[in-house]
Ligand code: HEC
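Before any questions on how it binds or moves, here is one chain, the form predicted alone, in structure tokens.
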């Protein structure tokens, strides 16, 4: 009887996991990040594999020192970026981790269709210059990334333990502000893949106390 119960529990947990995965997939299918239906390069992705342009189960790419692994399948930006300098005179370091992966499409230089080692047929299509999602390599006019989140004793910022939607990203042991702090790539429910609504500046007020 005990083994039967364990079996039922295992099946129940597996079913819940499958349902959660299906829900996550349903969120991305109808978003701009579903590149399987983005007809900009004339390449048909086999079996409409939504995940393929970014992820692969085998032969994944390493991100520099391999610190950030998400079974990555897309070409990784090799651009040098001009970074924002804060009012305190602190300039962000070059994008790393998840930010570097985001910029591997949004830098306006790396081909969107350069994934899976398909160099023989990719058409070097990049995000149009007139689209806001083309950030380019000059990031000085965007919210700073690549910077350490301020400690609790610095005025003007909330303690990161109070965050409800945004998050800090660990890079080389430091809690940093990166693209993934405000954006989540798989869920566009709030628009612009935001983690928090912009209503009444709720997103900004997660970090800034005024």
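Residue numbers count along the first chain shown, from 1. By rigid core we mean the largest C-alpha set that fits within 1.5 Å across both forms. Because the structure is predicted, anything quoted here is derived from the model rather than measured.
Below, we refer to the form predicted together with ligand HEC, which is not included among the displayed structures.
| Is it true that 62, 109 and 174 each have at least one non-hydrogen atom within 4.5 Å of ligand HEC in the model of the complex? | Not a single listed residue reaches ligand HEC in the model of the complex, so no.
| Taking heavy atoms only, is residue 131 within 4.5 angstroms of ligand HEC in the model of the complex? | Output for residue 131 is yes: heavy atoms within 4.5 Å of ligand HEC.
| Contact flag, residue 46 vs ligand HEC in the model of the complex, heavy atom cut 4.5 Å | Although ligand HEC is absent here, residue 46 would stay clear of it in the model of the complex, with no heavy atoms inside 4.5 Å.
| Any chance residue 77 has a heavy atom within 4.5 Å of ligand HEC in the model of the complex? | Contact check for residue 77: no, nothing within 4.5 Å of ligand HEC in the model of the complex.
| query | Taking heavy atoms and a 4.5 Å cut-off, does residue 123 contact ligand HEC in the model of the complex? | reply | No, no contact at 4.5 Å.
| Contacts with ligand HEC in the model of the complex, stretch 171-188 (heavy atom within 4.5 Å) | If the 4.5 Å heavy-atom criterion is applied to ligand HEC in the model of the complex, 171-188 yields 177, 178, 179, 180, 181, 182, 183, 185, 186, 188.
| request: Take the rigid core as the frame of reference and indicate whether the C-alpha of residue 156 shifts by 2 Å or more between the shown form and the other one. | output: Residue 156 C-alpha, core-superposed: shift of less than 2 Å.
| If the CA atoms of residue 152 and residue 205 move by 3 Å or more in the model of the complex, do they move toward each other or away, so closer or farther than here? | Farther apart, by at least 3 Å.
| request: Over in the other structure, so in the model of the complex, do residue 148 and residue 151 pull closer or drift farther apart at the C-alpha level? The difference is 3 angstroms or more. | output: It is closer: the C-alpha separation of residue 148 and residue 151 falls by at least 3 Å in the model of the complex.
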